[in-house]
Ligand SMILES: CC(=O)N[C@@H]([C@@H](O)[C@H](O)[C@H](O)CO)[C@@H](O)CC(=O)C(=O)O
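In the block that follows, a single chain appears as structure tokens, in the form predicted on its own.
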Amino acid sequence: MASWKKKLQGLVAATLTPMTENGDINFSVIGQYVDYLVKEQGVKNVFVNGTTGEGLSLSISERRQVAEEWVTQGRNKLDQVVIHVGALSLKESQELAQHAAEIGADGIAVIAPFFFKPWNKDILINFLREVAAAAPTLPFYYYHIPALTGVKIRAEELLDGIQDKIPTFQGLKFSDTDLLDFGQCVDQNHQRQFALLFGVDEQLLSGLVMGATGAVGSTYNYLGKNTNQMLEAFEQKDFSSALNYQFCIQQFINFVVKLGFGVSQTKAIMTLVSGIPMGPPRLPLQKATREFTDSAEAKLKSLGFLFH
């Protein structure tokens, strides 16, 4: 068993992929993006080319270039750069996994294939195992997001005996609201030191109470500092403060969800808060409206999340 560097824990920002107005990737701002996360938000881990990064809307060559840029710019600044390498094609997924290992990424993650879907745990594990084997030196994480993949195989079931099949398996990004499933992932794997990363930002405190070891999410791009305060309060067993932080974050997320909140809107908010242009999303996603951005800005200010 290879010995990994330290366990992936704390906050992990699911990074956006900055684009120019004509839809090309704007690589020139990624260095600035890294500095912003570290200095302004206190976030030192990233999850690249996932849902928030529009990974599945990018070509394979673009995904490779984006991964390279994050690894290069993050060197000596970020603790861990995990690359999402999931794809509908096993071969493409393996190519991306191998590439992540070659460029010095700190781990890879994979979602379940969602067109031809695996219909049971063994089939899903067979797919994941083939991808993991393409990068045998890297920690491997499963990205559980049933609402988007339509693959409803429970994470707790999947984890049962998974290291026998995938020796590099190190943990899970759990993007689902089923706390029974998540709690069982924690409870049944105490000995295994897995990274059990919660992926629903507005419910993170519940995830922490259940034993999450960290969190991956899009709001940590611009609310990382506030969420870190919640983590700190939780660690100090100051639960009423932790709850206040969570409710405050929930107020913002609840507000934007009612307006229609997705990757496009996250790009607009990140541009607003960080001053780094994230640009529009790729079709079929539509650019956030001016009305959305103005409303989100007013809400951020009223909650004390935005000072300029």
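Nothing here was measured: the structure is a model prediction, and the numbers come from that model. The first residue of the sequence shown is number 1, and the count goes up from there.
There is another form of the same protein, the form predicted in complex with the named molecule; it is not shown, and what comes next is about it.
Although the partner is absent here, Y141 is not a contact residue: none of its heavy atoms lies within 4.5 angstroms of the named molecule in the model of the complex. Not displayed here, the named molecule is kept clear of V71 by more than 4.5 Å at the level of heavy atoms in the model of the complex. L58 falls outside the set of residues with a heavy atom inside 4.5 Å of the named molecule in the model of the complex.
In the model of the complex, the named molecule lies within 4.5 Å of some heavy atom of T51. Of the stretches 58-66, 268-276, 22-30, 43-51, only 43-51 has residues with a heavy atom within 4.5 Å of the named molecule in the model of the complex. Site annotation in the model of the complex: the residue of L208, A233, I145, I153 reaching within 4.5 Å of the named molecule with a heavy atom is I145.
This chain lacks the partner; the member of L124, I166, V200, V186 within 4.5 angstroms of the named molecule in the model of the complex by a non-hydrogen atom is V200. Contacts of stretch 165-199 with the named molecule in the model of the complex, defined by any heavy atom lying within 4.5 Å, are made by K173, S175, G199, listed in sequence order.
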